[in-house]
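Only one chain comes next, encoded as structure tokens, the form predicted on its own.
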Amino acid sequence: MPEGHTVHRIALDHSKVLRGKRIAVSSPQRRFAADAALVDGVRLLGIEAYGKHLFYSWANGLVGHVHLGLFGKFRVHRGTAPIDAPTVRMRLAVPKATIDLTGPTDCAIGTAEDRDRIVQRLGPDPLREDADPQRAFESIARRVAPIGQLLLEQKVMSGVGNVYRAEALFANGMHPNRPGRAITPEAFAGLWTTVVTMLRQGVVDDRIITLDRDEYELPSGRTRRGETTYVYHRDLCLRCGTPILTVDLGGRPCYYCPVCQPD
């Protein structure tokens, strides 16, 4: 499942292609056909990212919602798009480009109220200017659940996934099993700042790089998982060389260094 930086990057890149234009909306797969007809030929006002969700505002007042989930992917075609596209749930076409969506968890056309109901279920998104970190802290501070679990709960903080969870906790020397109610305001402030910084860099890079570029030389070209992180998917801690451990939290393995992140 893509983390929040990817969704925000999609919103930025797709907005450059589609915003302000009348879009030919279709569903080669047919599962989205009825909803596509509601906005086919309508001008797209903009694309908004919130955590791992995308919202499409149309000039007729309707709002589209896309959640990629584990298998959702976009593909941008410049020029002519493939005619044979049996797996494409939603196709957005303008004269010089076509954007195809396959495999999303959710893809629907609704109202502004539908969009608001989804957002109300989510915690603050660190990449948004309107994010209120105090809301996230209050959600964490009243829980006995481990911080490594809470960071994956989208109702606590929206957009953080498995990689950023591990890397932000490492950067703050915080063990993933530390109870939420044991997180001080000062410790949370450092954690929030780290998450914001990492996610923003992810939008710029269009990939996850959490290493300090002044301290570490990044590998050139395509990289494998673990080559641009401190502990995530590594065998040894990049900082101290200790074998990395994992603990299952939130249904995912959370990587951590037992030396740099003591109990």
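When you see a residue number, it is the position in the sequence shown, counting from 1. Owing to the predicted nature of the structure, the values given are computational and were not obtained by experimental measurement.
Omitted here: the form predicted together with the DNA. The next part is about that form.
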At 4.5 Å between heavy atoms, is residue 208 in contact with the DNA in the predicted bound form? yes
Taking any heavy atom pair closer than or equal to 4.5 Å as contact, tell me whether residue 107 reaches the DNA in the predicted bound form. no
Does residue 180 reach the DNA in the predicted bound form, with heavy atoms at most 4.5 Å apart? no
Determine whether any heavy atom of residue 92 comes within 4.5 Å of a heavy atom of the DNA in the predicted bound form, and answer yes or no. no
Among 187-195, 172-180, 127-135, 159-167, which stretch has residues whose heavy atoms lie within 4.5 Å of the DNA in the predicted bound form? 159-167
At a 4.5 angstroms cut-off on non-hydrogen atoms, which residues of 236-263 are near the DNA in the predicted bound form? List them in order. 252, 255
